[in-house]
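In structure tokens, the next block holds one chain alone, the form predicted alone.
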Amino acid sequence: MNYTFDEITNRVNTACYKYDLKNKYFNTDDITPMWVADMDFKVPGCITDAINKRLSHAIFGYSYQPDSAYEAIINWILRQHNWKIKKEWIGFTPGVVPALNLAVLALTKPGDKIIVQTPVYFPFFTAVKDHHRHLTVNPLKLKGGRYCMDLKNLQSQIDSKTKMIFLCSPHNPTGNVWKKNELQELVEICVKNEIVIVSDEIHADIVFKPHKHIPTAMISDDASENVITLMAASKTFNIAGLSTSYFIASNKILYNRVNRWVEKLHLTMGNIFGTIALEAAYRHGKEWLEQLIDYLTGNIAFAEDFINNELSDIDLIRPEATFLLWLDFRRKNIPGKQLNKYIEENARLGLSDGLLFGIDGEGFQRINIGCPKPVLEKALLQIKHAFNSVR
């Protein structure tokens, strides 16, 4: 079946965070929002068909995750990532961000140090600081247009109070897909120092050829015992609003400690339609995903060509994964948040300010390209005209 991703769907008045809260975040409705990390594509029919079938029952009482949901996850991860997991390793949470917070509560105590690698997805910061843990920053290095880990700096940050590291894999906002040797070196350091790795792998399925996502827990037996993996179908199939994700931990002690917090907060029942959507997507959504990746690959190629030819003093960090582009505006010499404000006011675009992702993001902007190509083209033209006007 051929799917179309060029259709522009009006999302206004659907309680849509990205579109219906423009006035709240930008003080105007006259702006194209390309900041929130969900896509503007309709989900595959297998999801809506499954939800509609369940809707016809017309009773939506308390629910749980049936064996079929576990089976769908196990089979999907085996097909996608060649990782053989077991049912007893899987626990459910309302989202990956809640799972980050649950891991902090379950496995650390106030005053413990948790490492993040900046620039990085900004809820990592609050998951540490909101629970009175100490945020330790291990900045990534940009070399030859690609980010890499600074493991020497990482080792210098570690002391007896360092208990956890948040890994973003694939990486948001840079689009990195970590290589096997990078993950191996990180795992070795963490195992040696008894540091738990909480690996956010929510973007694992949206990876561009020839790159291949490697689940961190697959790296070695030591990794399997030391990693909690966070995953979801939400980014892959654009179902974030259904609040359904899961964590994977083969280490029974780690699993039980995290799952105990899920139980303490009474989060175990799940979302009926989230579970149904996950099952349908993982069982029947492979063809849709393949065509989505082809479409996103085309959007990246278009953006790269446009930027190289029309915005030559802006640099694109070419993503290896995700539907997010990390744009380097530093040659524009516009300091701090003035850059984001300038783009809002002159290009009429709502992008994610690089500073949200840490001080290392200053001078950068994140743009969501999970949209029909005409929307992306219009956005890039607006950036061009905004900066041409100040020459």
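Here the structure is a predicted model, which means the values were calculated and not measured. Heads up: residue numbers just count along the shown sequence, starting at 1.
Form predicted together with a small molecule: not shown, discussed below.
- This chain is displayed alone, yet in the model of the complex one of 277, 202, 198, 114 has a heavy atom within 4.5 Å of the small molecule; that residue is 202.
- Residue-level contacts in the model of the complex: of 69, 349, 339, 37, one residue has a heavy atom within 4.5 Å of the small molecule, and it is 37.
- Proximity of residue 97 to the small molecule in the model of the complex falls within the 4.5 Å heavy atom cutoff.
- Although the partner is absent here, residue 235 is a contact residue: one of its heavy atoms lies within 4.5 angstroms of the small molecule in the model of the complex.
- Taking the partner from the other structure, the small molecule in the model of the complex has a heavy atom within 4.5 Å of a heavy atom of residue 172.
- At a distance threshold of 4.5 angstroms between non-hydrogen atoms, residue 168 is in contact with the small molecule in the model of the complex.
- The chain is drawn here without the small molecule; in the model of the complex, the stretch among 132-140, 184-192, 71-79, 202-210 whose residues come within 4.5 Å of it by any heavy atom is 202-210.
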